[in-house]
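As a starting point, one isolated chain is supplied in structure tokens, in the form predicted on its own.
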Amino acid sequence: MAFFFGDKMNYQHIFHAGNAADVLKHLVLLGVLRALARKATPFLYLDTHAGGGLYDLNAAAALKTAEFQTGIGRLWATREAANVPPLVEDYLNIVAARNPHGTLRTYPGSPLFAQAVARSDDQLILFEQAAEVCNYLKALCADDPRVSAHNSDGYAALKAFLPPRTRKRGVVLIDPPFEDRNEFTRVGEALIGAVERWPTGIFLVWYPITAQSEDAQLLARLRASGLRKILSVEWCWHGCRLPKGMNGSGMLIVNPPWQFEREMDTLLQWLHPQLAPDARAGKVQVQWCVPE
């Protein structure tokens, strides 16, 4: 996940790994995957922009921005708290498994959260367009027969792999770089086409919330598309939309699990005061963009 700040672009996720937006994304993803795993039927996980899978928080790039300190860094400090929601505890346990000595040194990406939930008959298909990053991801998952990683365009994969041939249930994560102004348009087109090909699949889309309001335009387009059952989970950690930078982030969930909106609302009400720069500012919002 990379995102644009005005005309300035950041392409490498290591600068942002473990930040507040990552925390939200991975909590939503984990909640959906756990819901799928409650039923015996195997599922498919497809990740269109998988990244490297594991990020070194001591790397120079991570320390340069230090975004993880106000994301996973703050949550890491709540591990022994009495009121931690079960989903957050689950999330922290997965992060802790990648930090066995108790010191926060690495942060898992979306593929590793999916890998932690997947059972022996589930399948993970990962796509990453940057060859060097994909090679790292392949090496990371080389010993897991459930996982296949491909150095190719994730948007094209939605056309080639959906509907899935071997699994009836599953979740697709669309987490693009948002490195140019056309990304929101491309995401909307890709999501609409993918849901048309696999109407019963669960689709997750991460998006940044910025002053330019492209997120609102995306939601408006989806409302007009004819798609149904679209839930949005948004968290703005600032009181208003600042002219530069990311003011918050959101997740779209198409075909969310039953009563998922209640779980997410409770979660965000707890999360906001833990991570927001000012707990009195900002807002959380869980709402149906398009109901059933």
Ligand SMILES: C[S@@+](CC[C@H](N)C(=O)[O-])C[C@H]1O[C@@H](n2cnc3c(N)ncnc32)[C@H](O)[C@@H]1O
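Quick caveat: nothing in here was measured; it's all calculated off a predicted structure. Residue positions are given as counts along the sequence shown, with the first one as 1.
Not pictured, yet referred to below: the form predicted in complex with this ligand.
- When this ligand is considered in the model of the complex, only one residue from 88, 118, 141, 130 comes within 4.5 Å through any heavy atom, namely 130.
- Here is the short version: of 55, 235, 68, 43, the single residue with a heavy atom within 4.5 Å of this ligand in the model of the complex is 55.
- This ligand is not drawn, but in the model of the complex it has a heavy atom within 4.5 Å of residue 153.
- In the model of the complex, this ligand stays beyond 4.5 Å of every heavy atom belonging to residue 249.
- This ligand in the model of the complex is approached by residue 109, whose closest heavy atom lies within 4.5 angstroms of it.
- Among residues of the shown chain, residue 51 is one whose heavy atoms approach this ligand to within 4.5 Å in the model of the complex.
- Residues within 4.5 angstroms of this ligand in the model of the complex, judged by any non-hydrogen atom, belong to 171-179 and to none of the other stretches in 171-179, 71-79, 94-102, 193-201.
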